[in-house]
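A single chain, nothing else alongside it, follows as structure tokens in the form predicted on its own.
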């Protein structure tokens, strides 16, 4: 309501004329009416009940008569799933005192879907348009209005005196106002929508003349409410003009029309704008999108869609167009699987346009999630003013004609930023977070802005102000330089540092003693192996004796072997004495002593066998008899040789 300064508030009640509950005249096909008749009857019944309650409340609402609307021209645009209504109000003050504001009202059901409202006026007259002046719009606490109405106040540039008039243009955008009917269709069906509104302009003021124009996306309309002075022509439905309407006039209308425009709705969009003072602004948009048009029923045929996409998928989302800022670079488009190659990018000096295609055509009820990222030149969006830096970027989604249920914008500032403030052209919810990235110490401040029910009209510039010292830019390079310097210093120190243990320490002496023990054991092992090799040659002389019968040659071989074994035994004796005297060899000494003893016993048995065989050959004893005499000796020799080999293997593992 317009309140007059200094004028007393009037409490008289003006009853409007009886409301007209219009009958629906269906012009669609009879078959479609029969399929949707039950749902349509239920919807109409509920609508009439709501209107009856609204009418009772409006009849009891007080009105003021200081201001009238001499002319109202409304234009409703239904060419997309965002309903845009432009209302031109000619406001005239007929009261005694000046008026400083205009009250516009919306029904509660419509106000819940209101996404954007703005008002403006121009100084021109008639067809000559002057400079446009934006008018502040705010939620009004108008007294006396029923709870089923929500009021907004439009502040006038100057108080309107008695007899003066002004023209005000009010633009409103509504989301989720168009309802698919039927709600489910097959792949080959067209999409039909239902729109509900009032043929009369709902206002707390009297309206002297008003008209309504509804622009449809197509020339085909299933049905619409027929009233007096209503007509349908060239994809437009016109109501009016209607004259001398009392305050709170409300005449419901319903339009059932064809629209294959896809309902692209982002259930959530998270935008991250990261500032780097090294020359780049990185933008990352994460979309969770759904098609909220008529849901597809039955099976989806890819073959039919590719053969006739305009008939077998007319309402599907085939591509999306994102208008990016000019000079955008490093653009990418991907989802959880990876990069999506079905995209095209082109640009000029004014804008950069990205055309993307989902991995599959999106029909009603289908969802998808994807990410769009790109870089921007820092100089185009970061400025300085009064000792502060400020980022100047757009708020909404760059994708054309998309509704965002929840939009979260995160502005990541450089580490060390302080005194942060935000200037937004509309109310938003704000809080601050911290993000850690490469080489961060205390983290980067993140300004988070959240808004629900966002439409393309919200894609306006907002500013984030902060203070940042230029010296802070050197922090990360200095950290890198210092890190590399310390690394190379550590390498130099390491290469020149003596890491060996002190030669006077007990551990070092114990290590040297153990090395001496191992060396002595290896020498004993080599001498034992030489003894075994001599014993093998002695065994070979017996085999030569059995073939040639040369006893003298066999005796000579024994004499040579006996001398060699005695020399080797002399060499083993001091080595064994060293081990017996060394405390480090205490755990291995028994095995070494056993090895030496077994080797000597093996040597004695072998010599005894050799003597027996030579004596038998000198006495001309038969070969069978010789074998019988040395059989027991041969078994003992084989057993001793196996024990010696096992001991050598055990010591070798040490």
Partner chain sequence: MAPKAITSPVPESFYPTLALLMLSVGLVFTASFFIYATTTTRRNLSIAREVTTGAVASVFLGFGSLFLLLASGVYI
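Positions refer to the first chain, counted from 1. Since the structure is predicted, the reported quantities are computational estimates derived from the model, not experimental observations. The term rigid core refers to the maximal set of C-alpha atoms that superpose within 1.5 Å between the two forms.
Separately, the form predicted in complex with its partner chain exists; it is not shown, and the next lines address it.
**Student:** Within 4.5 Å of its partner chain in the model of the complex - does that hold for a heavy atom of every one of 280, 481 and 492?
**Tutor:** Yes: each residue has a heavy atom within 4.5 Å of the partner.
**Student:** I'd like to know whether residue 386 contacts its partner chain in the model of the complex, with contact meaning heavy atoms within 4.5 angstroms.
**Tutor:** Taking the distances in the model of the complex, the answer for residue 386 is yes, it comes within 4.5 Å of its partner chain.
**Student:** Do residue 444 and its partner chain come within 4.5 Å of each other in the model of the complex, heavy atoms counted?
**Tutor:** Yes - in the model of the complex, heavy atoms of residue 444 and its partner chain come within 4.5 Å of each other.
**Student:** Contact between residue 439 and its partner chain in the model of the complex at 4.5 Å, heavy atoms?
**Tutor:** Result yes; residue 439 sits at the interface with its partner chain in the model of the complex.
**Student:** Would residue 423 count as a contact of its partner chain in the model of the complex, using a 4.5 angstroms cut-off between non-hydrogen atoms?
**Tutor:** Judged by the heavy-atom cut-off of 4.5 Å, residue 423 is well away from its partner chain in the model of the complex.
**Student:** Since the chain is shown here on its own, which stretch among 80-88, 446-454, 543-551, 519-527 would lie within 4.5 Å of its partner chain in the model of the complex, judged by heavy atoms?
**Tutor:** Among the candidates, contact is made by 519-527.
**Student:** Please tell me which of 360, 419, 332, 488 lies within 4.5 Å of its partner chain in the model of the complex, judged by heavy atoms.
**Tutor:** Of 360, 419, 332, 488, the residue with a heavy atom within 4.5 Å of its partner chain in the model of the complex is 488.
**Student:** Could you work out which of 295, 515, 539, 562 is the residue within 4.5 angstroms of its partner chain in the model of the complex, going by heavy atoms?
**Tutor:** In short, 515.
**Student:** Once everything's superposed on the core, is residue 575 shifted 2 Å or more at the Cα between this form and the one not shown?
**Tutor:** After core superposition, the displacement of the residue 575 C-alpha between this form and the one not shown reaches the 2 Å mark, so yes.
**Student:** Once the core is aligned, does residue 304 move its Cα by at least 2 Å between this form and the one not shown?
**Tutor:** No, its C-alpha moves less than 2 Å.
**Student:** Aligning on the core only, does the CA of residue 277 end up 2 angstroms or more away between this form and the one not shown?
**Tutor:** The answer is no; the displacement is under 2 Å.
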